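A lone chain, given as structure tokens: the form predicted alone.
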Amino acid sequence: MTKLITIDPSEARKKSTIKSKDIPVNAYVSNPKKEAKRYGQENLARIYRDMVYIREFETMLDRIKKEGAYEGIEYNHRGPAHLSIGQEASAVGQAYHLSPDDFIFGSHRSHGEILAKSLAAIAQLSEDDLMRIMESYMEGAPLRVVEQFTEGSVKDLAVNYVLYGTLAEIFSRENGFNKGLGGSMHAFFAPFGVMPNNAIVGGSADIAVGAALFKRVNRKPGIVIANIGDGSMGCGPVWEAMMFAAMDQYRTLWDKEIGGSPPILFNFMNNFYGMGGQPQGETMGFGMLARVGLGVNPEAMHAERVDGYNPLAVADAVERKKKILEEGLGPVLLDTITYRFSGHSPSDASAYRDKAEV
């Protein structure tokens, strides 16, 4: 295959200058009147609701780990609980424009992403489709439980179904979405496009590229997002994934029928702390994570820094990048700034940062 490409010495040795693309940084400008018109009051309220659900869900996990109880209910959870308290807007904004055909793969801090993607799918699917999924998944076992304490519409039932199935999985219960075998760090719910999260730092990057390549080759609908942390930028497999996703051959050598880059978005949930220190300013030299895209391909991976505290800014970015990926012009890199107010895990006293910063 490589013999199809001729190396021209006159071109390789020509004197010139490499010019790089500009990378947008927090470019979204909020306009409440336009946003209200575009999204509508009901959808804006749902975005806020989903953020509240995630915050309370993880606050509950935090209290159970630290206090052994939540609202008078005692429980001894012996498994992990890597929380994303503070990152809710990033997860909910990302999921807003995604369909069940769009896949997300996550890190060990992905409870919020799982819930956000599932809640977005519930909003998009019909009641008939939701009932079909809940009735058929695990032969309806989780649904039978949720029906006992849910009143209201099918959508209300589906929301409780997601909250219950995810929590049961984290607690290693039989009615968890993966029968308790995945637990907190390997949970997934494929009918809603929620693929497994990963306990290995940056581990989802390569797996997500494989899923995106499958979609491209088989002309399956949807994009794939790898949600990984800023600390993963120091991991070799993440760089391998970006390079594999950006190979020229998808556009230069592959038949047009299956050509085009895999529809993969590397979304770095940049909360400014890795397990071993602060990537920006300490353990790495990029200054701003979005700059990394400049070293991968001429499009700079369509890189952008996005204000992850604003769910509408994230939703806007994902909507724009999704169009790029569907045209086969990826990969894409997003530097989504956010912050985890919780420690790395409940056993982390966060001694590496002072209260003034938090």
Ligand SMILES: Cc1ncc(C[n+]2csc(CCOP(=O)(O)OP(=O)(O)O)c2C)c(N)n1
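Keep in mind that this is a model prediction, so the values were computed, not measured. Throughout, we count residues from 1 along the sequence that is shown.
There is another form of this protein, the form predicted in complex with the ligand, and it is not shown here; the text below is about that form.
Per the 4.5 Å heavy atom criterion, the ligand in the predicted bound form is contacted by stretch 228-236, the sole one of 246-254, 128-136, 228-236, 141-149. Interface residue among M288, A190, I200, V217, judged by heavy atoms within 4.5 Å of the ligand in the predicted bound form: I200. None of S261, S184, S118, N271 but one reaches within 4.5 angstroms of the ligand in the predicted bound form through a heavy atom, and that residue is N271. Shown alone here, H111 lies farther than 4.5 Å from the ligand in the predicted bound form, counting heavy atoms only.
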